[in-house]
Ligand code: SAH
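Quick heads-up: it's one chain on its own, the form predicted on its own, in structure tokens.
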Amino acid sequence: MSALKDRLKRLIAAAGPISVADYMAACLFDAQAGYYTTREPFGAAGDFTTAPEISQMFGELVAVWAYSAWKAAGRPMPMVLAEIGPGRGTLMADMLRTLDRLDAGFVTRARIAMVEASPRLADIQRERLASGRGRPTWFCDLAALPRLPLVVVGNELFDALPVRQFVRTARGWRERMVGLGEDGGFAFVAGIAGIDPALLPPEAAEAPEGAVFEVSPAREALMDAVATRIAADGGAALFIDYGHLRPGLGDTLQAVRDHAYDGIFAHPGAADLTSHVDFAALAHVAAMHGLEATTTTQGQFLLGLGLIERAGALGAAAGEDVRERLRGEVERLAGPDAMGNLFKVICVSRRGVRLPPFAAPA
């Protein structure tokens, strides 16, 4: 039994069931035994592979978007180019290399910010970005960023933030909790807290017992903080994650370990816990600040920015083995049966500013 599992069981035995959100937060971010605190999750040697690790083209096209967002904002300098949750620094490394080619002075004039709460991951990012012309500064949270026009990106960020679950019972909708079963192991139980019916989707009224609805105040709070900065200081935000474009019912909580699905309760602190992101909820938060929020699939986003054309350019002078690899990367990033439809994109900007690929560049 892991130390974290033992500690959580003792907590529940003493104080009663905890929310799914509290269970997620402990498993992912516990200071001594949390997943992101102690493990190396990314890449073939980790538990999952993110889009920047699949292909340099992902970061290159995100850089094109970021440069377009800066131009649409009036080319302000100084400005902040930030990534929240930068992983191993791969996305920012590809972005800075591409931005340096688009505009040789951009990465030295802009303030490059890495928003990372994990000291261990921050050290990995520093090593990864040490050789470029851009000189990033690390911050523990968004609130610490300089008050300047902000272009911010995040990939697979929101899915790791804790989610609350509510389950339909004979007594109505009740918060789903993590308690202890008869065998002493973790088990889902229904709590006493309900949910405001206004938050439920229309189909909830006819949902059968056992149906699950998810809501994430933590995700909405982060989007609120981002939208507040953009509304006040200008700029734009781009977030890419797996999820759904419209709210609905469904239990999407999952654990991943060694590139395979794991039991939710099997390895607390040693497996990644995530759930699908409700992009409609994020768009609603942005709209409450008077901002434009546009959503699409990752496939449509990357193809609209020129993924196929970029792959063709990279493969033009290369051998067939490289071209075959590039075709595989395009399929993984944008194919409807791969990441193309599962992953979604939200672009947030000021009203009237429509950024590519949602509109032609300014």
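Note that the structure is a prediction, hence the values are computed from the model and not measured. Numbering starts at 1 and runs along the sequence shown.
In what follows, reference is made to the form predicted together with S-adenosyl-L-homocysteine, a form of this protein that is not presented.
A.B. asks: Would Y67 show up as a contact with S-adenosyl-L-homocysteine in the model of the complex if we use heavy atoms at 4.5 Å?
C.D. replies: Y67: no, not in contact with S-adenosyl-L-homocysteine in the model of the complex.
A.B. asks: If you check in the model of the complex, is G299 within 4.5 Å of S-adenosyl-L-homocysteine, heavy atoms only?
C.D. replies: Output for G299 is no: heavy atoms all beyond 4.5 Å of S-adenosyl-L-homocysteine.
A.B. asks: Find out whether any non-hydrogen atom of N155 is located within 4.5 angstroms of S-adenosyl-L-homocysteine in the model of the complex, and reply yes or no.
C.D. replies: The answer is yes: N155 has a heavy atom within 4.5 Å of S-adenosyl-L-homocysteine.
A.B. asks: Though only this chain appears here, would E214 touch S-adenosyl-L-homocysteine in the model of the complex if you measure heavy atom gaps against 4.5 Å?
C.D. replies: Flag for E214 set to no.
A.B. asks: Choose from 275 to 283, 262 to 270, 76 to 84, 174 to 182 the stretch whose residues reach within 4.5 Å of S-adenosyl-L-homocysteine in the model of the complex, heavy atoms counted.
C.D. replies: Answer to the contact question: 76 to 84.
A.B. asks: Tell me, which of I112, V151, L161, L96 has a heavy atom within 4.5 angstroms of S-adenosyl-L-homocysteine in the model of the complex?
C.D. replies: Of the candidates I112, V151, L161, L96, L161 is the one lying within 4.5 Å of S-adenosyl-L-homocysteine in the model of the complex.
A.B. asks: Out of 250 to 268, which residues reach within 4.5 Å of S-adenosyl-L-homocysteine in the model of the complex, heavy atoms considered?
C.D. replies: Result: empty, none.
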